[in-house]
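Take a look at this single chain, the form predicted on its own, given in structure tokens.
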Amino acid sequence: MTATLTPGKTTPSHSSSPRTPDRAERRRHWLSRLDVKASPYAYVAPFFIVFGLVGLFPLIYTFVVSLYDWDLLKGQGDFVGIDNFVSVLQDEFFWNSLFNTFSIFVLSSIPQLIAATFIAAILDQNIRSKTFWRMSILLPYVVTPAAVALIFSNMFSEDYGLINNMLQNFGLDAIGWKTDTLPSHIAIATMVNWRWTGYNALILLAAMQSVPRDVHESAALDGAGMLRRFFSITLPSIRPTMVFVIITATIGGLQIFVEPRMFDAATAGGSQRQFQTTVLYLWEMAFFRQNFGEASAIAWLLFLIIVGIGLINFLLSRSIATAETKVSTTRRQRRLAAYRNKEVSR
């Protein structure tokens, strides 16, 4: 039996067999490039999706609500544009709440950061039972804000509180912790400091632990004392963490709500609004006056204030870092010039 071959005809297998490896190679190369370029975006996409749903959308929706005459029960009303913002800016209670917020923020944030830095510096030393002390300072943060407010509101009670009883035992007059403006701010700031100082101290301690020990040892061999090493090595090394703590403390301090609300549960910030913060005023505007439009305008004004203060903090920290870099560069150049002059004189 013989086979007959027809000249000029080729089988499909002969024409496609050389191209298959090329297509597979190109497909693998394309998938590899897609993996390199698209995978990082796919990994971070869940965060931005969640942020868009729970962060960005409420922010945009709040701005839309602020442009309408929006009632809690009746819902959306007429479009009023920026009239809600103008009405809020002309409201004396808004400015009073803003003053109270900044006053409590200053009384709480500055002592809190100083105390947190001092505690972190102590815990950074080689002390006994360091793990116990480090975990102990986090205990106030675990307690709920409502419990903290209830405890401190009883301590600062004007009639039967612990603080006034101690003052009267020493022959001093009782202080109107809830009726006077400045004492009420000090009492609320004390709650904030008690709860957040340990938390910030742990963050600063983690940054201090990352500073190389050989730098401290070299400085100690050169004769630098503990304070000199702390201000010249430790603080400049933890500046990014310090900026982070300042910004988070700023955001938390300007959004304070639970402490003043629980300090006097019968009123929304005191009988004379002496410790009514901006968020507390926002809450009163939304759920007592049922004016969601102006409440949303207050929320957006507070958002813009926080963003502005955050930018100021960032610019200040960057200018300080730039100035320190220039000073260190100048010192290095002077030392190099002095060293070269000595070499030339020899």
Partner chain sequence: MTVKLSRRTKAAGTVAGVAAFAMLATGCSADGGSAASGDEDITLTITTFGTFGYDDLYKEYEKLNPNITIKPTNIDTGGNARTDAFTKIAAGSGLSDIVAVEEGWLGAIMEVSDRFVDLNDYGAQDIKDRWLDWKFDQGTDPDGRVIGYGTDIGPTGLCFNGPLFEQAGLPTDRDDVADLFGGDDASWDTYFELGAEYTEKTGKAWYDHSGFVWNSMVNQMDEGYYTSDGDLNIEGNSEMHDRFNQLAEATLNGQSAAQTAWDWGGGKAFVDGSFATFVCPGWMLGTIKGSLESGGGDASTGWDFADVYPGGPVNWGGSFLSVPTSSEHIEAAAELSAWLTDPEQQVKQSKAAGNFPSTIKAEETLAEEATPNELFNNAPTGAILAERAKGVQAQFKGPDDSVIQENVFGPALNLLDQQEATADEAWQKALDLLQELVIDN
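Numbering follows the first chain given and starts at 1. Every value quoted in this text rests on a predicted model; they were computed, and no experiment measured them.
Beyond the structure shown, there is the form predicted in complex with its partner chain, which is absent from this document and is the topic of what follows.
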query	finding
The unique member of Phe51, Tyr41, Phe288, Phe314 whose heavy atoms fall within 4.5 Å of its partner chain in the model of the complex	Phe288
Heavy atom within 4.5 Å of its partner chain in the model of the complex - the one residue of Phe118, Phe93, Tyr141, Phe230 that qualifies	Phe93
Location of its partner chain contact in the model of the complex, chosen stretch of 29-37, 299-307, 52-60, 66-74 [non-hydrogen atom, 4.5 Å]	66-74
Contact flag, Tyr160 vs its partner chain in the model of the complex, heavy atom cut 4.5 Å	yes
Any non-hydrogen atom of Arg239 within 4.5 angstroms of its partner chain in the model of the complex	no
Contact test in the model of the complex: Arg134 vs its partner chain, heavy atoms, 4.5 Å	no
is_contact(Arg273, its partner chain) in the model of the complex, heavy atom dist at most 4.5 Å	yes
